[in-house]
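Just one chain is shown here, as structure tokens, and it is the form predicted alone.
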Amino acid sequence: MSALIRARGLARSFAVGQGMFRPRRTLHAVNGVDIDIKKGEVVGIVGESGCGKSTLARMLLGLLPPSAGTIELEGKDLRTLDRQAVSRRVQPVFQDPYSSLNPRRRIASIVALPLEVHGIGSAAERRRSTLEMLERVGLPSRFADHYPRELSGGQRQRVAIARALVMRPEIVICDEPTSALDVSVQSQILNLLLELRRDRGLTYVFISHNLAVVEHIATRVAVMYLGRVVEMAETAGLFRDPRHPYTRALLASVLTPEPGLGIPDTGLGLAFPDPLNPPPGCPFHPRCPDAIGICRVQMPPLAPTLAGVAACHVHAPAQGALAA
């Protein structure tokens, strides 16, 4: 099956100031990412804060131009497409339902805004489509004339989902859509997203730091570290047999309900990597318990594994890498 979205060599850098008398430095937020997103799948993108997940999401949405590389939407370069044409097919759901909704607009106006911008339908038709979409995401029509401040966090996120889907897009990019919600509300939103995917044939890119959430919703998972994809595999295979040591550490950090286990230890230490000063070789090697000599001098390529691909000299060596 051909990819709806195809990214190759995707990179995004930022110049970061360090004070009045110090030169600016380059931060490589995303650095050489290749990813295909096929129709109907849910691609989960996970990693620690600062790994480049949200920057990647903004580039896939067309909100942030890449510094290098290409993004294609069904074979057409995203840079050559009209912004409105892209937004008809690709819509976002952002992290914070408290800040992503205009507090001065009523709920019906918020959801109908994309239809107004694109000039779709009459005022009466837009109102009807809005009420239908609110009902579909579990908000009765009586909420249509409320303001966001009158709704709970979970209800606001349902409004954000309704606004994204009222244009009937093919792809929805969800950037931490449940992290600001209580656990019980998270499950409701996740189940709603799965229902909408089933009913409308949606394709999701699901950005999260919560592996338990990703395991529940994703069909395939990409693990990012310092702007790079270090492992990508089908969800069941990745959770059953992770090949990259960083993926293993992330999975080890997931809390379980089993009594007596206590707080999990990832074995990665307390210090986060410095994205302004990445190490040579494999960027993970200073924190890796399995690092060998080659890891300190040579960047491992993504190599095939049983479930997908991984960038590791030890656990997923490319042909001849260990002999180098």
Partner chain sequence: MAEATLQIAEPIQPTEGARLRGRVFGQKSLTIGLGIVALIAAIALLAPLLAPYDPYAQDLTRRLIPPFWYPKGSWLHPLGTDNLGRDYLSRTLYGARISLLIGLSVMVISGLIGTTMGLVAGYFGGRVDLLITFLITTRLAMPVILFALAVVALLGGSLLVVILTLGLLKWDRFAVVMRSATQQTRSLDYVAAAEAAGASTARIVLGEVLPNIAPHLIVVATVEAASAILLEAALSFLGLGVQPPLPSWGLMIAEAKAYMFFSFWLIAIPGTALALLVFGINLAGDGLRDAIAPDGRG
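Given the structure is predicted, the values throughout are model-derived calculations rather than measurements. Positions refer to the first chain, counted from 1.
Just so you know, the form predicted in complex with the partner chain exists too; it's not on screen, but the next bit is about it.
Contact with the partner chain in the model of the complex, judged as any non-hydrogen atom within 4.5 angstroms, is confined among 193-201, 240-248, 92-100, 226-234 to 92-100. Contact annotation: of the candidates Ala212, Leu81, Ala252, Val117, the single residue with a non-hydrogen atom within 4.5 angstroms of the partner chain in the model of the complex is Val117. The partner is absent here, but in the model of the complex a heavy atom of Ser87, alone among Ser87, Ser129, Gln155, Gln186, sits within 4.5 Å of the partner chain. Taking the partner from elsewhere, Arg142 is found to have every heavy atom lying beyond 4.5 Å of the partner chain in the model of the complex. Remark: His285 does not count among the residues lining the partner chain in the model of the complex, judged by a heavy atom distance of 4.5 Å or less. Among residues of the shown chain, His28 is not one whose heavy atoms approach the partner chain to within 4.5 Å in the model of the complex.
Though the partner is left out of this view, Arg105 does reach within 4.5 Å of the partner chain in the model of the complex, counting heavy atoms only. Contact annotation for the candidate site: Arg8, Leu165 and Arg168 all lie away from the partner chain in the model of the complex (no heavy atom within 4.5 Å).
Contacts of stretch 178-202 with the partner chain in the model of the complex, defined by any heavy atom lying within 4.5 Å, are made by none of its residues.
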